[in-house]
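Only one chain is given next, in structure tokens, and it is the form predicted alone.
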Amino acid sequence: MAAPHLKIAEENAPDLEALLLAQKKACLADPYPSHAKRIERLDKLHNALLDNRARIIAAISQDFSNRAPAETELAEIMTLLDGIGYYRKRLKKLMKPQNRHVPLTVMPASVQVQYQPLGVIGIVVPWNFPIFLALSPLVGALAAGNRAMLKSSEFAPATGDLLKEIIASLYDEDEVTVVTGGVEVATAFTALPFDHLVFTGSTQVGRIVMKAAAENLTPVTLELGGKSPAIVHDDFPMEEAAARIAFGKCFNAGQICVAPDYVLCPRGKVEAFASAYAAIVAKRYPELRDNKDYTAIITERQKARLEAVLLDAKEKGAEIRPINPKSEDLSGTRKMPMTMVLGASDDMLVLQDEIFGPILPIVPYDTLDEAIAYVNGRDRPLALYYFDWNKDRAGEMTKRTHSGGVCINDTVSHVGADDIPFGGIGPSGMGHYHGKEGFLNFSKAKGVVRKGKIDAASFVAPPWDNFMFRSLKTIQGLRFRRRKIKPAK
């Protein structure tokens, strides 16, 4: 079905329909790219990351006004190289058709599952990790044999322009292409009849994207975030918990969809945790204003939103504790100090909406059951972090709570583990990419039954009162008798 013509008022707006049509025609001409072709496409991306490392770091830092180079290396470049390496090593096995069980009613035959490329994948890129969250789903899409169109974020324009230049130097437009532009382009992009659409962003916008995709019955992968809790058990050392949580929360100044959004801390140890957290943050970031290691907020609009969240909490009675070791004046910059919020209540914005910035509420609990009930009483988050050396309790935590992913005694690192799926559940998203699940997500698992020269159906065909059909019923009756139900313990 062709998309309705979408006029975009933005100057120099791309012709999205023409780009999609070209890619769809290319898919028809090469519906199942060879293993060698897929590896070639991945290797081009691998080399481009190495060749453009410094430019990527500079562009992202320009968009943020300051992004720590090490954070870009770790989160945007190293993880992508690992992801490409994962598929290079395993792609041949993933592409191989799988033989499946042949039931008696289908014999004689072979039964297989073949993994076919979906076609053209649309990828809507957010601003917080504008290279990783563009190319990570692209890597899975290319490994599965697809073509792709990417819409870069207008809030990271320097990175978007660089990404467009790099991709254009690697691939023909009918293989992979990047489009830039504002809200109108993004809206038109999500309305296109892609074969699959990947969106990373807020839950609110995710609903709009899913509604637009539904008009074309386009399947979606949504990575939406939410309020990811960090739960610290009473037996766990508060200093150790503070250090590990601080790494994930301070990274990119908390502008991560899987950042620890709030901490559930034993009531009697809230002050111990807060003191330890303040000490470790101050040690790692002894100054803020001119510190190249401390990332700024992406836009003034986002900074104003975060300041409003703090003001709301303060006016409603919460205690606000900024961690600013030198008490620097940060006006004129987009930097915000990491700030703890104590005594927050559910009527405050800080405990209602995803924070997505350097603000950490610390919520007390009395029993572990109470902490679990607190998490389960809210929308299912993209990540959950639990700190406890006891493996049995940790195992129970993973079973009794629902989240997109889990880290035990760590934060955010599960995103970099290439052999496990990354994805949300419910309000935190749907679908997966990374690893085997990423390949499957961007493939059509097509069931294929192959019959030989013997037509077994002719022996059981009507009239149904024949010997072969009666025999088949008898065999089935012997194989599938009523089961005695054993009560589960």
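Keep in mind that this is a model prediction, so the values were computed, not measured. Numbering starts at 1 and follows the sequence shown.
Absent from the display: the form predicted together with a small molecule. The rest refers to it.
Among the candidates Ile372, Val205, Ala417, Leu330, the residue which, in the predicted bound form, approaches the small molecule to within 4.5 Å (heavy atoms): Looking at Ile372, Val205, Ala417, Leu330 one by one, just Val205 meets the 4.5 Å heavy-atom criterion.
Among the candidates Val125, Val232, Ile121, Leu135, the residue which, in the predicted bound form, approaches the small molecule to within 4.5 Å (heavy atoms): Of the candidates Val125, Val232, Ile121, Leu135, Val125 is the one lying within 4.5 Å of the small molecule in the predicted bound form.
Which of 341-349, 217-225, 71-79, 95-103 lines the interface with the small molecule in the predicted bound form (heavy atom within 4.5 Å): That would be stretch 217-225.
Triplet Cys27, Pro421 and Phe442 all within 4.5 Å of the small molecule in the predicted bound form via a heavy atom: Judged in the predicted bound form, none of Cys27, Pro421 and Phe442 sits within 4.5 Å of the small molecule.
Close approach of Gly201 to the small molecule in the predicted bound form, 4.5 Å, heavy atom: Flag for Gly201 set to yes.
Exercise: Phe356 in contact with the small molecule in the predicted bound form, heavy atom 4.5 Å: Flag for Phe356 set to yes.
The small molecule contact at Lys335 in the predicted bound form, heavy atom, 4.5 Å: Heavy-atom contact with the small molecule at 4.5 Å: absent for Lys335.
Heavy atom of Lys151 within 4.5 Å of the small molecule in the predicted bound form: Although the small molecule is absent here, Lys151 would touch it in the predicted bound form, with heavy atoms inside 4.5 Å.
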